[in-house]
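Only one chain is shown below, in structure tokens, and it's the form predicted on its own.
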């Protein structure tokens, strides 16, 4: 019975993330997954729902502790790697210390799907306001998130310019998530 519930939770997480990618800036709530701190419930749910033995995971300095690494290995079978260029998923414990996107694989022209997805934990979906345009957004959307680096919009613009290559970004605040795929144009409002 527990396994069936886990499968349903993982399917709901996958569906919510696909909806977020299709509608950049839209915030969804994920089912909670128990995980060791400082891994947020939403980040844990994403890992449990998407990672597997073929998806290397990189942990930033905030999350690179034995308890988090063991939880990921046990729950998903995913290898934890130390080279961010090898990561399919890169977990960043705080948007305030988000590494430059160039640290991660943008994929290649022939295989853009081999890029990294950055899962970035933020404190809340408020604060710095960003304007979003592009596929999945009717005219203009907005998203607020903090903390993020001052040059977050510029990083997103440089990432967008690489299309079809580039990283995809998922922001997580507790059990809530929003996605900024490489196709979206992000500018700071105000």
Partner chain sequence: MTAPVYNFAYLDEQTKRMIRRAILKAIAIPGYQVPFASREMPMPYGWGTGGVQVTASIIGPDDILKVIDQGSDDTTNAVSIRKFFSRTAGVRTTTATREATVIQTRHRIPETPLTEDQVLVYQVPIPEPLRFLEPRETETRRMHALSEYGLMHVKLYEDIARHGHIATTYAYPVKVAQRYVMDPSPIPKFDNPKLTDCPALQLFGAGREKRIYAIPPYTPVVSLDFDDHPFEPYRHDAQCELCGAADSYLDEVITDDNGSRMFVCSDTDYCETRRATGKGAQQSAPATEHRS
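Positions refer to the first chain, counted from 1. Please read all numbers here as calculations on a predicted model, not as lab measurements.
Here the subject shifts to the form predicted together with the partner chain, a form of this protein not shown in this document.
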**Message:** How about residue 55 - does it come within 4.5 Å of the partner chain in the predicted complex, if we only consider non-hydrogen atoms?
**Reply:** yes
**Request:** Using the partner position in the predicted complex, report whether residue 89 sits within 4.5 Å of the partner chain, counting heavy atoms only.
**Result:** yes
**Prompt:** Would residue 98 sit within 4.5 Å of the partner chain in the predicted complex, counting heavy atoms only?
**Reply:** no
**Asked** Is residue 109 one of the residues lying within 4.5 Å of the partner chain in the predicted complex, judged by heavy atom distances?
**Response** yes
**Prompt:** Of 32, 137, 144, 69, which one comes within 4.5 Å of the partner chain in the predicted complex, counting heavy atoms only?
**Reply:** 137
**Asked** Which pick from 128, 50, 27, 158 sits with a heavy atom within 4.5 Å of the partner chain in the predicted complex?
**Response** 50
**Item:** Partner-proximal stretch of 42 to 50, 147 to 155, 60 to 68, 119 to 127 relative to the partner chain in the predicted complex, 4.5 angstroms, heavy atom
**Value:** 42 to 50
**Request:** Output the sequence-ordered list of residues from 149 to 171 with at least one heavy atom within 4.5 Å of the partner chain in the predicted complex.
**Result:** 163, 164, 168
